[in-house]
Ligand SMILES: NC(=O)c1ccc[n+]([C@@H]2O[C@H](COP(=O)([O-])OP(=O)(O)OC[C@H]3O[C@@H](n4cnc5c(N)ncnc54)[C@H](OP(=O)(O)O)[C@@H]3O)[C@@H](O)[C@H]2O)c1
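Before any questions on binding or motion, here is one chain by itself as structure tokens, the form predicted alone.
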Amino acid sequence: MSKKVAIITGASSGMGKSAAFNLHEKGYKVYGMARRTEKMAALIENGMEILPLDLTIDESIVKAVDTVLEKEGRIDVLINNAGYGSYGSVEEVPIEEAKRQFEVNIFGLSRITQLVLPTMRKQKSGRIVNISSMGGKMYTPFGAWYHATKFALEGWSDCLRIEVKQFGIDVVIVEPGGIQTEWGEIAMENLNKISGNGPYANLAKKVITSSNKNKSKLTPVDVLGKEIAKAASVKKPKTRYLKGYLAKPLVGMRKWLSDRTFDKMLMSQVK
């Protein structure tokens, strides 16, 4: 029997890259996809395939999926990992940047999913793993646009799961907590650029300082790489996997605390 074929977006670094190696070790034929193909050399060296992918360009998405289908004739797993965090005050983030955040984190993800579904339906099997965040269940200062995409992804994934179950397709959500990746640095760089000066600067600086203090506590990226590979490969997956620094306590507190009490708890961490 031929190997199962897995597509992983955002495979040039972090959780996507780690998940690629973990699935490869499990015997999957892995296609890593990302804009920065030069950063995926290690995948090639270890027997995986790479393809360029820009989730903001429809032609790029179509070409990537078509290439896999032409070569393999099947797609068994899609891991929607690509994404980034656009931080800054709601007032100051340009609406063009807000739209780009949705374009990458939601619409690009949705488009590649649409393109793999016909093949999975035909196979009567498949697994779609959407990398959300604990930020899809709670919120943080200056992360409005990022959290909006992750809240949207949670509901979108729940609807998709019900729709495609009849075709033997599983939809799984992975909700990482704080992880040792580029994500945090990029988010804080965006925050400083957008809101480091002006009316929100005082609070923004406090949030950046707090984030930097917690770097040593973040969960190693391979812990999530293994969790994502598990979600993609186990016979009967859970609908959600919550993993990483502060993920379970923060999501738990958000569930049980009132809005204002949770607000106070958050702000007590950035004094």
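Residue positions are given as counts along the sequence shown, with the first one as 1. Just so it is clear, the structure is predicted and the values come from calculations on it, not from any experiment.
Not pictured, yet referred to below: the form predicted in complex with the ligand.
Flag S133 as yes or no: does it have a non-hydrogen atom within 4.5 angstroms of any non-hydrogen atom of the ligand in the predicted complex?
The answer is yes: S133 has a heavy atom within 4.5 Å of the ligand.
Taking heavy atoms and a 4.5 Å cut-off, does S12 contact the ligand in the predicted complex?
Yes - in the predicted complex, heavy atoms of S12 and the ligand come within 4.5 Å of each other.
With a cut-off of 4.5 Å between heavy atoms, is E182 one of the residues that contacts the ligand in the predicted complex?
It does: once the ligand is placed as it appears in the predicted complex, E182 has a heavy atom within 4.5 Å of it.
Does the 4.5 Å heavy atom contact test between R36 and the ligand in the predicted complex come out positive?
Judged by the heavy-atom cut-off of 4.5 Å, R36 is in contact with the ligand in the predicted complex.
Each of L23, Y28 and R127 near the ligand in the predicted complex, meaning some heavy atom within 4.5 Å?
The answer is no: none of the three residues contacts the partner (heavy atom, 4.5 Å cut-off).
Have a look at 114-122, 67-75, 190-198, 172-180 and name the one stretch with heavy atoms inside 4.5 Å of the ligand in the predicted complex.
Contact-bearing stretch, as computed: 172-180.
Note which of V93, A148, I106, A82 lies within 4.5 Å of the ligand in the predicted complex, where distance is taken over heavy atoms; exactly one does.
Result of the distance check: A82.
Which of the residues spanning 54-68 lie within 4.5 Å of the ligand in the predicted complex, based on heavy atoms?
Result: D54, L55, T56.
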